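We've got the same protein chain twice here, in two forms, each standing alone as structure tokens: structure 1 and structure 2.
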Structure 1
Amino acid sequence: MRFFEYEAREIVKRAGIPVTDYGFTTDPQEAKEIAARIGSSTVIKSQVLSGGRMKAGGVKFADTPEEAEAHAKDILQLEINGHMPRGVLVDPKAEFEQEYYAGVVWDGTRKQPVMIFSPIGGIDIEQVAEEQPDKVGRRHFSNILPFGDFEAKEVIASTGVTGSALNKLTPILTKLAKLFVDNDMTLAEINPLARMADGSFIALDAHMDMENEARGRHKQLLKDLGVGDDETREAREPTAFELAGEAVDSQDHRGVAGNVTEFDGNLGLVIGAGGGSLTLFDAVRKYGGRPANYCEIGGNPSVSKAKGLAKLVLSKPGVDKIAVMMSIVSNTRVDIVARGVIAACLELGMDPAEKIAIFRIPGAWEEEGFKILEKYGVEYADRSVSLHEAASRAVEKIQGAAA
């Protein structure tokens, strides 16, 4: 779950990392008051969960409180990439000497957080890593044991930063690491982290992303920040197809089926949850297929739920065939999914043998599942056929049908 910039600043502030004397408001008059309190030039920033604010006119500089008010009024009415702003952040226009970068991200491969630091901030860290790799320090750390000062120093010093800056940056990195772990973040980034004329460091901007599943553990923080329980914070509003998928999934408590994301391809996917679905989605694309959707099915959904998902995908305009694929499953019955997808075809007046490009779900109750598929003439594959091979067969079939 992504946080707005003003919320991320608050999280950083609570962690004991210095931030500017900013203010958040939804009212231009209040923006003027905040600018007057700041007492110097300000920058007015649209609070949207979207990039490209500067380019879209969502960031403006003001020399007087009146100018701040006028900018706030404009920005509050400005839609950016389909998003209306939550409000504006009024920030002092900081005069700094150098911009740095400090961030923590979750490394899913190592299953550990990694601290990233650079003395070059204010631009994307990926760009720095590409252009000046020696200026990016990294260090994985435990999410059980505290991130120690020596670890912070090691990361900072690896980029050539020494002396007073090294000492002053050390507690900022340790606090950032603690913030990341304590709040179940997947991203905690301060960019830029500015060195001011007096040598102190201040976080000028921050990006925070919390693990969605951890929201329940941080009710108080979310309440303090004013984040509603129903706020999904997705990058865009769900489509009618995606809402229909949610309805299928909430049909009963058994398993997962219907958690869909819409794309504009012609191959509908009824694919297993977790890493398997990502692998399969990528494999379909690798072989030149155009997925109509991404979805999750697993955990033993009922026949009617599997049927509901398959019907939804089959009814999507532009879908020619569906591919029903999963990794080897122990927690989802093959026969139940087979019944669901075949029933979907039959109820829609479609021939399962023609509409199901491939069924590749090996695992629990597969013999029973294969009997059902055989009866309806559906091409199926067992575990001797890899996920990639199954995806390529499905793509071949749909391309053959289109030719």
Structure 2
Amino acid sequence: MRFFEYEAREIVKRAGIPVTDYGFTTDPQEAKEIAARIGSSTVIKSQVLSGGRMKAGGVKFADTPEEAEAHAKDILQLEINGHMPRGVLVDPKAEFEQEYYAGVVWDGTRKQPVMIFSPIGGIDIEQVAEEQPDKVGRRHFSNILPFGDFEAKEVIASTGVTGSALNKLTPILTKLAKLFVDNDMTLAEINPLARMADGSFIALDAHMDMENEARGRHKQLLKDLGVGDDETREAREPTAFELAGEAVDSQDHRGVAGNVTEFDGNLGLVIGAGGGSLTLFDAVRKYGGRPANYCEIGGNPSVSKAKGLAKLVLSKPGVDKIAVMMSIVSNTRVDIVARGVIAACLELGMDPAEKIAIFRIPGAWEEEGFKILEKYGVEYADRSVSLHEAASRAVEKIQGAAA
């Protein structure tokens, strides 16, 4: 779950990291009052969950409170990449000596957070890593044990920063690491982290992403920030197809048949089982297939639920066939899934043998399931056929149909 900049600033502030005397508002008149309180030139920034604000005119500088009011009025009506602003952030126009970068991101491969630091900030850290790799320090750390000052110093010093700057940056990185772990973040980034003329450091901008499943653990923080329970804060709003997938999954408590993500391919997928869905999705793409969707099925869903998911996928415009594939299942009955997908085809007036490219679900009650599939002429595969081979067969079949 992503946070707006003004929310991320508040999280940084609560962690004890210095921030500017900013203000957030949805009212141009209040923007003027905030600018007057700041008492110097300001920058008015659109609060949207999208990049490209500066280019789109969503960031403007103001020398007077009246100018801040006028800019706020314009920006509040400016749509950026399909997003209307939540409000505007009124920030002092900072006069700094140098911009730095400090961030923590979750490394899914190592299953650990990694601290990243650079004395070059204000631009994408990926660009710095590519152009000046010696100016990017990294260090994985435990999300169980406290992040120590010595670890922060190692990361900072590895980029050549020494002396007073090293000492002043150390507690900021330590607090950032604690903020990341305490709030179940997947990203906690301060960019730029500015060194001011007096040698102090201030966070001028921040980006925060929280693990979506952790929202329940941080209800008070989300309440304080005004984040509603129904706000998804995803990169994009769910499509009608994806919402329909949620409806299928919620129709009863048995099993899972949802978590649908829409793509624009022609091969519908009904896939799952212990990470099998991701493996199968990747395998389909590896063999040149174009998935129409990603989804998860498992946990012994009802026939009705399996049918609902299959009907949804089969009805999606552009879908020529579906592939029903899972890893070896022990808690999902093969015959139930088979009944569901066959029923979906029949209710839609489709020939199961024509529409189901392959059915590869070995495991509990497979003999009964295979009998059902055999009756309708559907190609099925047992555990002797690997996930990759099944995906390859599905792709060959749909490509053959297209030819």
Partner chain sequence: MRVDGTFIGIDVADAIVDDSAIAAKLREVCPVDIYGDAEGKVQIVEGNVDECVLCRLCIDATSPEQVKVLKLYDNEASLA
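Under this definition, the rigid core comprises the largest set of C-alpha atoms superposing within 1.5 Å between the forms. Keep in mind that this is a model prediction, so the values were computed, not measured. Counting starts at 1 with the first residue of structure 1 and goes up one by one along its sequence.
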| property | result |
| --- | --- |
| Matching structure (the form predicted in complex with its partner chain), either 1 or 2 | 1 |
| Core fit, then K55 C-alpha moves 2 Å or more between structures 1 and 2 | no |
| CA of I34, rigid core aligned, shift of 2 Å or more between structures 1 and 2 | no |
| E374: Cα shift of 2 Å or greater between structures 1 and 2 (core-aligned) | yes |
| Angstrom shift of the Cα atom of L280 between structures 1 and 2 (superposition on rigid core) | 2.4 |
